[in-house]
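Given as structure tokens, the chain that follows is alone and in the form predicted alone.
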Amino acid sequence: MAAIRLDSVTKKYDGVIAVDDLTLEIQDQEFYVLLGPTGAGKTTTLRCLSGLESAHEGRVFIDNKDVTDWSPANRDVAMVFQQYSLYPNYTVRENLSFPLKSRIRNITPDERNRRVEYVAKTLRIDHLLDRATDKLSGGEMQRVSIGRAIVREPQAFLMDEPLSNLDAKLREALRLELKRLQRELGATLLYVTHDQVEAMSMADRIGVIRDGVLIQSDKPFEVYNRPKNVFVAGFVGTPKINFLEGHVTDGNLTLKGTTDTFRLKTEVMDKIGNVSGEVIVGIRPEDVNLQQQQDENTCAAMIYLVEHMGMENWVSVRIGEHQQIRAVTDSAFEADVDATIYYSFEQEKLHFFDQNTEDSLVL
């Protein structure tokens, strides 16, 4: 396998910038996930890396070799797409062996059969080898599609939302399989998705991209707990983070549109450089505390909605006249809609952002 590097890559379509001066390094044997909304430039980045698209600016390196001007075939990377891209009139065995029949590869029939059998067993589709692919389920077809990439033994794998057409239960199962497979193969893998659950559960590192710009690249824990700006904080996490407008004065945080004021701890003020003035406050639902009795560290709210999620409840409460925040509670939590409840925050988990730039204020 090999390390990958994109160096100041820019790609335009009819004058519109799809990828904007993107620099990205993926380590050898790393599972890297490029995460962003539709139209963010994820697939274009993948296509520039594979050679299916030519970058207008910048260089592409694979295994420390400048492959910018190389054809897709010579870059020795394998792509797995959202669509299965299988030959419906071929059996699973024939689909798996097809990439190995190129004269360029010069692979003997015995070696070809060995690779097909190994890949089929690894993906647990060996019992399907003689079945036509048009007789397979969606999950089985995607396993075959992944197998066609693995059987080539490329330097790196590029995957473009390969699980998005599957149902939720099957996506969860294949996420585990892909992660296991990547570890077993020692593969360098770049995975593109808009699904933050896929990113958080599989990635060694996540790159968050928007409008062709790589905003933050880090381990999942860091992206979740130390987001670089409002966009990253809002894009990662389920249920979504709560954003509130606030004002910090003399160590007190007052939430806009309410009379609710919280005395911030000294360590929290130190973390944001004793900032004062208008801020955007972010707090994840699991870090919102609800209780039935009021004390000096809580403010009153009204229960708006309780969503029973099985192991936990998602409780939406109304603060002030028009704002809502959501909290995650134990499944045993009970409260009636319109009942009064008292809330507070885990202050160490508060995120503060500049109201103009939306960048994090955490030092």
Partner chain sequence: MAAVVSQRKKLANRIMIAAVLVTTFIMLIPIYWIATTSIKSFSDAVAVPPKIFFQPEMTGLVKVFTKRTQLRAPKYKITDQTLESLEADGVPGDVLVELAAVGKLYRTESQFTDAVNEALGPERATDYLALVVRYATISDPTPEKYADARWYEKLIYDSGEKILRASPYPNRLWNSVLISIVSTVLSVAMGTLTAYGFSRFRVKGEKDWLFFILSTRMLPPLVIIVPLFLMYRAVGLIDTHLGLIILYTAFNLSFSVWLMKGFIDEIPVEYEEAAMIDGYTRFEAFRKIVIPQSVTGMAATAVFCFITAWNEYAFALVLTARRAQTAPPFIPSQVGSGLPDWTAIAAGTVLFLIPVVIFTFMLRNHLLRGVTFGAIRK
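Think of the rigid core as the biggest set of C-alphas that the two forms share within 1.5 Å after superposition. Positions refer to the first chain, counted from 1. Since the structure is predicted, the reported quantities are computational estimates derived from the model, not experimental observations.
Another form exists, predicted together with the partner chain; not displayed. Remarks below refer to it.
*Asks:* Could you tell me which stretch in 329-337, 45-53, 312-320, 298-306 has residues with non-hydrogen atoms within 4.5 Å of the partner chain in the predicted complex?
*Replies:* Correct option: 45-53.
*Asks:* Can you tell me if Y90 lies within 4.5 angstroms of the partner chain in the predicted complex, counting non-hydrogen atoms only?
*Replies:* Yes - in the predicted complex, heavy atoms of Y90 and the partner chain come within 4.5 Å of each other.
*Asks:* Is there any non-hydrogen atom of R152 lying within 4.5 Å of the partner chain in the predicted complex?
*Replies:* Yes.
*Asks:* With a 4.5 Å heavy atom cut-off, would you call A73 a contact of the partner chain in the predicted complex?
*Replies:* Contact with the partner chain, yes.
*Asks:* Is it the case that I280, even though its partner is missing from this view, gets within 4.5 Å of the partner chain in the predicted complex, heavy atoms only?
*Replies:* No, I280 stays farther than 4.5 Å from the partner chain in the predicted complex.
*Asks:* Whether Y13, V77 and K101 jointly form a contact site for the partner chain in the predicted complex is the question; each needs a heavy atom within 4.5 Å.
*Replies:* Yes.
*Asks:* Identify, from the list V288, A120, V230, L86, the residue with a heavy atom within 4.5 Å of the partner chain in the predicted complex.
*Replies:* Looking at the other structure, the residue within range turns out to be L86.
*Asks:* Looking at Y224, F81, F243, F235, which has any heavy atom no more than 4.5 Å from the partner chain in the predicted complex?
*Replies:* For this set of options, the contacting one is F81.
*Asks:* Residue by residue through 289-312, which ones have a non-hydrogen atom no more than 4.5 angstroms from the partner chain in the predicted complex?
*Replies:* Heavy-atom contacts within 4.5 Å come from no residue here.
*Asks:* When the two forms are laid on each other by their rigid core, does F243 show a Cα shift of 2 Å or more between this form and the one not shown?
*Replies:* Comparing the forms between this form and the one not shown, which are aligned on their rigid core, F243 does not shift its C-alpha by 2 Å or more.
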